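The chain below stands alone, shown as structure tokens; this is the form predicted alone.
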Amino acid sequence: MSDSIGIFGGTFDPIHFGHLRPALDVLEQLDLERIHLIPSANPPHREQPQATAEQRLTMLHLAVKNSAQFVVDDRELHREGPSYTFDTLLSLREEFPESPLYLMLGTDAFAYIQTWHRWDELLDLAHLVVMERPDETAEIPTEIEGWYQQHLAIEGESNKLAGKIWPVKVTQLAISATDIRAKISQGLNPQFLLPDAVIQIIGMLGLYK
């Protein structure tokens, strides 16, 4: 079997430590080979990013330039229409047919997964990793509780290619891209919230002012 791959999507507008540290927690706890960071082009459930696709891609590259286990993956930026996770997983499964794939979600996103495009087919293509803060447990909507319990992973199933749900406790960092953008627009210093290289390129490009 090939290497296990984590998949972490988002607008990353901008990428910050609240993204990166939990991703590292998942990589280590599930013994993944690498994590693909996939910036979305047209997120169907979120507002459109303020920074351009090229700018967000540049910030991602700078954020993980010294971390070999993080891979910047721009496949959604080359696809027209809404950035549906199902389409992204299908593309990854075709590229890595023998690799276990782990789609990483926060508890807030998982709470409305039943509204996603072809959500009930996601487990055909990948595992789902629900990233929980130390003081929380994911709230499971009543309408998918049976589905959740049916697919909940048990020890020894990490060698499967797809099909299981893995709750993982991650480091709690109360950092949001919205707050970072607000600080920058107010002329405040965002240091220690995101990598210095990302702060520098934001300043050079005059983003979020």
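A residue's number is simply how far along the shown sequence it sits, counting from 1. Owing to the predicted nature of the structure, the values given are computational and were not obtained by experimental measurement.
This protein has a second form, the form predicted together with a small molecule, left out of what is shown; the following refers to that one.
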{"property": "29, 93 and 100 all contacting the small molecule in the predicted complex, non-hydrogen atom within 4.5 Å", "result": "no"}
{"property": "Proximity of residue 190 to the small molecule in the predicted complex, heavy atoms at 4.5 Å", "result": "no"}
{"property": "4.5 angstroms heavy atom contact with the small molecule in the predicted complex for residue 67", "result": "no"}
{"property": "Contact test in the predicted complex: residue 175 vs the small molecule, heavy atoms, 4.5 Å", "result": "yes"}
{"property": "Distance check, residue 195 to the small molecule in the predicted complex, heavy atom within 4.5 Å", "result": "no"}
{"property": "Among the candidates 138, 125, 77, 109, the residue which, in the predicted complex, approaches the small molecule to within 4.5 Å (heavy atoms)", "result": "109"}
